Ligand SMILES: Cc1cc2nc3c(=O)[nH]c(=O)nc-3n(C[C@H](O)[C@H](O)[C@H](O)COP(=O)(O)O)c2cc1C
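Quick heads-up: it's one chain on its own, the form predicted alone, in structure tokens.
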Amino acid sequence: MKTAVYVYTGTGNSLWTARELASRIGQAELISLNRHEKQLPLCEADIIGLVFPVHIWGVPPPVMEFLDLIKTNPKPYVFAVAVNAGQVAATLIQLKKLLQAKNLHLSCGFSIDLPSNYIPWGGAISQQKQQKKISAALEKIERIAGTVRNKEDLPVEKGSLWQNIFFSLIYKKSLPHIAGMDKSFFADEKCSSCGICAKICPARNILMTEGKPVWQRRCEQCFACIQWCPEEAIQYGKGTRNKKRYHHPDISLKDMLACTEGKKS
């Protein structure tokens, strides 16, 4: 039984989740969505998984673009894992509807709670708290893998009704403005012109101009640039200087660059 797990990732939480899940499902191919092609080959897998971060309480635009392109064999078993910092809201309900429009059924959808990378709201939590979340996530991933292997059909996980309504409204209002939300990024005096920010950006949104990054107004708000900068030189507005950066401790820069280059893991 062939399994394809597609993953979109910014600071490594979703990549780590997808890796751990794929290893437990068995015979699973991990495929990066960070730089997918405009024309995708037919996915012949019997089981298809989608692992991605929740963006502004909804499905990230790159995942929606992927769903517009993917072609599958008739009626594969489809599952999804939405990685978030404590509130999945109606993300998986939204995904279920998007898949229905493609005549695909989302058999199950799960929320995985991992440390937040949204630095404007706060720096990284302590390593002890990070490990507590990671350990809990591993236990849940084990259960998810069993569900997928057995091809169970379950209701998708979701937030409470008021949260789903409120956060879905924020998502709909914010979505048209995401691409231009990079106007608050800048590189400070610590920038060493290494270019990692440009290389790691899944949207190819950063150009190095005279040794400095320049954002191109097609941001996806993944925060890979700010979290992976080795000098902590990239800032977002006035509130990120001196805040502790975060990326998943088990994911390396090399792993992330391989994802962005579209290599299979």
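It should be emphasised that the depicted structure is a prediction, and the values quoted were computed from it without experimental measurement. When you see a residue number, it is the position in the sequence shown, counting from 1.
The next section is about a form of this same protein that is not shown, the form predicted together with the ligand.
This chain is displayed alone, yet in the predicted complex one of P176, G86, G146, P155 has a heavy atom within 4.5 Å of the ligand; that residue is G86. Remark: Q221 counts among the residues lining the ligand in the predicted complex, judged by a heavy atom distance of 4.5 Å or less. In the predicted complex, at least one heavy atom of P115 sits within 4.5 Å of a heavy atom of the ligand. I31 falls outside the set of residues with a heavy atom inside 4.5 Å of the ligand in the predicted complex. Heavy atoms of I70 never reach within 4.5 Å of the ligand in the predicted complex, leaving it off the interface. Heavy atoms closer than or equal to 4.5 Å to the ligand in the predicted complex belong, across 53-86, to the residues P53, V54, H55, I56, W57, V83, N84, A85, G86, ordered by sequence position.
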